[in-house]
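One chain follows as structure tokens, the form predicted alone.
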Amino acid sequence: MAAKTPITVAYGDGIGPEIMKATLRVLEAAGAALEIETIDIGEKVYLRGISTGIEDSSWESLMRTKVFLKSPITTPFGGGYKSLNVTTRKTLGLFANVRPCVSYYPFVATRFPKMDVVIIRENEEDLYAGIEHRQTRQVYQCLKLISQPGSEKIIRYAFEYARNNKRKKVTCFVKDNIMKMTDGIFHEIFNQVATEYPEIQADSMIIDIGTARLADTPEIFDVIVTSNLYGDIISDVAAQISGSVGIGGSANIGDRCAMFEAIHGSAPTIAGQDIANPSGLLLSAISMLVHINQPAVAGKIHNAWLKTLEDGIHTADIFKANSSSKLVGTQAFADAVIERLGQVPANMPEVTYAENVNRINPTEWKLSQNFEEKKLVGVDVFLDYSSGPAEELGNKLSQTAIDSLKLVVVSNRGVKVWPNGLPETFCTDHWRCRFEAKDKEAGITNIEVMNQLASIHAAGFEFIKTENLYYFSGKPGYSLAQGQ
């Protein structure tokens, strides 16, 4: 008998316990060699006063097993509760979110019978860093953080995934026509990494038209790689147009740990009614079996699941009176899959998994090193100010400049309003005031930045944050204001 692989299981909230019970019954019947540790996460843990939704003892289990099969959870309404999904992904270093979105036409209704797209989403950075501040009475901010090594890791993973799974194309979705630095570096690294995989076609699209094309002609895509927020949105779009979000599974892959979960939520309004579709979690569990190198069991379950779809045995979310043969609940669907273990689909392609097919090992990668020269050449000072128009603010503030700096622009919500701003521009109480070195070749020091802040404070202005301005290898590492 094969040695059992330890895994950590969480039954979650809402429909979570029902679909997990169904999934584990299928795994057991198929002969998966698993040693299961169960932990509590989610709503009941939040309500015990633990803001993360997970206890320390549960982290201990995850660090032992390094494999997490997780049902969806409910995050209570109200402030102070952090997303457990984001916390788990970042804490365990699960940098790659992998979501296959496949059409099962004609057995699951869809307008796109040839759809077979894998979306690979960066999982740790971007706006999901969750760094937010209220800065004035009117303005809030959320920081978008994109790193060079984080971008290279996810992009390299996408190409490795394509190579290992005999995929032909990788498409990058970005918005670097607007966010020229954050999305720009992601796109730049994509182009660099693509040259190392000449057998794989590489192209890119702006996220808005890319999403439109995905929703209209998904068959033109193969593997899509993108940053965190874009990936979260388009993977739900892709899952829905493939037939149902209820059959969408995902894998969250890191250097040492992995988490497998359905892409849908906990659906508390239908909890306890035995009507939820367990397919999303079951497909995630199949990915888990491939990950822990039990490919034969994974293929056995996958083919039985396909045969169940073919036979028209469907849960309510995909049931169609004119094409389905039987409407079943959660547990009865699991029973139907179990009855078909050992069978293969008659119309859809049979699935086979090879050993170690997805064993991509990022710890072996030598990520690029950046040794660019860095020089401090100015500072953006953000003010909370509501005492007068932009022209008056700029004129007063320019008088605070110390000898080595000059005020070059004031902007509001990213738009230049001084000098020579337009009266039509709507302004809030949040102002970015850019001071640059008079001699950028020489640069300035942090002491000079502090002296400039002291001068601003002495003039009666309230500064709320600063951002240093740097040159990297002689080029500005900051954007201009709109209209500058």
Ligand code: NAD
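Between two forms, the rigid core is the largest collection of C-alphas that superpose within 1.5 Å. Residues carry their position along the shown sequence, with the first being 1. Quick caveat, the model's predicted, so the values are computed rather than measured.
The same protein has a further form, the form predicted in complex with the named molecule, not shown here; the description that follows concerns it.
Between 267-275, 379-387, 215-223, 345-353, the stretch whose residues reach within 4.5 angstroms of the named molecule in the predicted complex through a non-hydrogen atom is 267-275. By the criterion of a heavy atom within 4.5 Å, E125 is excluded from the residues contacting the named molecule in the predicted complex. Residue contact check for I15: one or more of its heavy atoms lie within 4.5 Å of the named molecule in the predicted complex.
Of the heavy atoms in N85, some are within 4.5 Å of the named molecule in the predicted complex. Using a 4.5 angstroms threshold between heavy atoms, V245 counts as touching the named molecule in the predicted complex.
Distance criterion of 4.5 Å from any heavy atom to the named molecule in the predicted complex singles out T75 from the list S398, T75, T110, S404. With the partner omitted from this view, the residue of D317, D232, D311, D255 that lies near the named molecule in the predicted complex is D317 [heavy atom within 4.5 Å]. If you take 150-189 and check each residue for a heavy atom within 4.5 Å of the named molecule in the predicted complex, you get nothing at all. In this overlay on the rigid core, T330 has a C-alpha that sits 2 Å or more away from its partner position between this form and the one not shown. Core-superposed comparison between this form and the one not shown: the C-alpha position of Y46 differs by no less than 2 Å.
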